[in-house]
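In the structure tokens that follow, a single protein chain appears in two forms: structure 1, then structure 2.
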Structure 1
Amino acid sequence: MINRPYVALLDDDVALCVFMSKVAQTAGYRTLAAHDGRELATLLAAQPVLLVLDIAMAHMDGLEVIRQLAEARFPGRLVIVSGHSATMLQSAKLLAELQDVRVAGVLTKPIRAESLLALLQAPELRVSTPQVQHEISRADLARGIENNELVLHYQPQVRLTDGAWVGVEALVRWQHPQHGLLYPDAFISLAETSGLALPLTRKVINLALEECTRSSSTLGFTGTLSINLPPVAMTDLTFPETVVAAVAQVGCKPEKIMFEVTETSVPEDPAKAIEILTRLRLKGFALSIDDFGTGHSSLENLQHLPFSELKIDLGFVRAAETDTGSRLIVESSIALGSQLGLKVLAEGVENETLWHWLRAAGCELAQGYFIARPMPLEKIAAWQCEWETRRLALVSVPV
């Protein structure tokens, strides 16, 4: 019980804090409350996995707290609470997400125990736990990569018109000998700042190619395999050759591999990046622009770089259900992608409402918890059966 994670509450309504503490304790958390924004540092010192924040307090406004969380690179998740309108809550949420503070959800006052409980029991919370609880060293990560402790989970991607399964994204995890299964939040930024991102990427590519070719015959899967590239791959001129060799070794076609790069990984002086991306494209690989909408030079990059797919960031997709601004961003990204001849994929499709809305909006592909969570390859066959039973109902309305 010593390792039970903390939930921190920051709300000037004392009675509400007592109530929310009780709910969080029922869900198995330890709790810590403060009633004034100036006590934020004390709360963060306990390394909470979740911070429940009232955005309208007497002594500090919640937006200021959000900025401080971003500055402190708060690794946990945020729940935004307010008695104000839904629009206010959504703006605060968007603001947090744009600053890379991860939002678990929003709650309107009066708060119901069930709504808070649902957020506290979300599986995503497990993502924050390892990072908060384990100090990972560079040497440990280097050893883990070398000893083949990286494992891949695959998240299916499907076509919105007919529900066909068209691809998977490989997402790395680390089966740590002491800490258990660690998620990317716990080690990707360390890899990127300590020169381990390229060795990690090479392992991921080899593992994904090997697993997917081995199972393609049994699964009958002929779709694309998407692999995430770190920014440093855009500076290594030998990278295209390395992947060509890796692909040739397993006898897979480059056309089946989609490399995902984020907008921000194309640096200020993009000459090298353009050369690498163009070479990858010439070799036949497909390229996807990941987290679209969160970077700065979106339009310029899209015009000049040889991308094949645009992946709308999950922050906008998830918010689209309740927030007009996000809805407009998703709609214009779909229009932009289609006009540029790119495949458009929405990630973060978490429920049926979003599914039908995206389908009607003309989005081509979808990925998200509603379709499937990332899973080990051996679970894909079972998902495929389950998806077959659901998909017909989801595509019965013509678009």
Structure 2
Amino acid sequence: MINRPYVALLDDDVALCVFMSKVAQTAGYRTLAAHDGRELATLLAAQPVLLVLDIAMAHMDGLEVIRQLAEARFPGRLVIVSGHSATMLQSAKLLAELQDVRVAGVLTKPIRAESLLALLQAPELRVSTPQVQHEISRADLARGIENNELVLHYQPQVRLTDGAWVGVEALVRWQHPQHGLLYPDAFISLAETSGLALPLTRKVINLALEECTRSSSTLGFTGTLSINLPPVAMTDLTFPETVVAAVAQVGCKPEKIMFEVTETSVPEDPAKAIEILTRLRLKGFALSIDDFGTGHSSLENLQHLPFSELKIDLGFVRAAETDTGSRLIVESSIALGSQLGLKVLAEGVENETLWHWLRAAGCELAQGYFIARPMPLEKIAAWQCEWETRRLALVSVPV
């Protein structure tokens, strides 16, 4: 037990720190708490993998703490909490990300144990230690891609009206020969800054197509396969032909593939992006706008780019239980997507309360830990059996 990682808690609410400590210890962590931002150095000395930060503290507010985390190059991840509005939380999240502080999520007070636990149990907290990241070079990643060391985990997506399994999102991992299973935080930034993002993406696409096509007969799955696209894919004019050839090779249909594009990944000069994304749609592929609501040009992207799905950011979904502003944003996004003829998928569905609320609000699809965590393909069959029992109980509840 001596190697259990630390979670640091920085909140001037002593009782809340005690509560969060108990939740973190249940998840297998050691905890260290402070109630004043001026004690940040003490917390960082323990090298926590996660810092839970209240942005509204006396003496030194959370925004000052975020600046100090950036200056210290904090290698862990940050969870931002507050009793203020979700807009305030999203502003703090944006501020952190602009300073290269990695944000695991935001939580609105009062904090629910299951919401905090979902963040604490994210597997990347266990494996993406700063020491592992610093040891990885461009040559190492290039070799990993070439030697087929990338593996995929799949997170199911289901329909809220009847709980039917309708899709999976393919999420890349790296089975490193020395460091074990690495999650995206450990290598995606390196890929994007070293010119390897496109080779990595092509490898992911080929692997996902091969695995899903090969297993379709055993799982009986005929739904959508979602794959994330990096910004560089929207600057490569040969990309549409590349994926058409990959799909044809395995005998899959383009309409079964959903490419996810985050708002912030659309290049500042959108000419190539518009051409590439429009050509993908012309060839039959579906397009999803991911993390909707977090970018500066949400409505503009919807107006000019040929999306077929709107994916509501998990930060707004998680906060919708307790924050009126987040609830209105989610409801407005559902209504907007419906009016534009788009499928609407809510990320971050982490408990039954959110499931029933989204269902009543008219959201079509859901994805999140309440439904399933990302898993290797061989575990999908067991999840499918377990989910069949759960979904029947869920959809029996009147809307």
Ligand code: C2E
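Bear in mind the structure is a predicted one, so any value in this text is a computation, not a measurement. Residue numbering: structure 1 sequence, from 1. Think of the rigid core as the biggest set of C-alphas that the two forms share within 1.5 Å after superposition.
Participant: Give me a 1 or a 2 for the form predicted alone.
Facilitator: Structure 2, which is the form predicted alone, differs in this respect from structure 1.
Participant: Taking the rigid core as the frame, does Y29 move its C-alpha by 2 Å or more between structures 1 and 2?
Facilitator: Where the cores coincide, Y29 still shows a C-alpha shift between structures 1 and 2 that is 2 Å or more.
Participant: So that I can tell if Q47 moves, could you say whether its C-alpha shifts by at least 2 Å between structures 1 and 2 after the core superposition?
Facilitator: It does shift by 2 Å or more.
Participant: Taking the rigid core as the reference frame, tell me whether R73 has a CA displacement of 2 angstroms or more between structures 1 and 2.
Facilitator: Shift at R73: 2 Å or more after core fit.
Participant: For L10, what C-alpha shift in Å is seen between structures 1 and 2 once the core is overlaid?
Facilitator: Value for L10 between structures 1 and 2: 4.2 Å of C-alpha shift.
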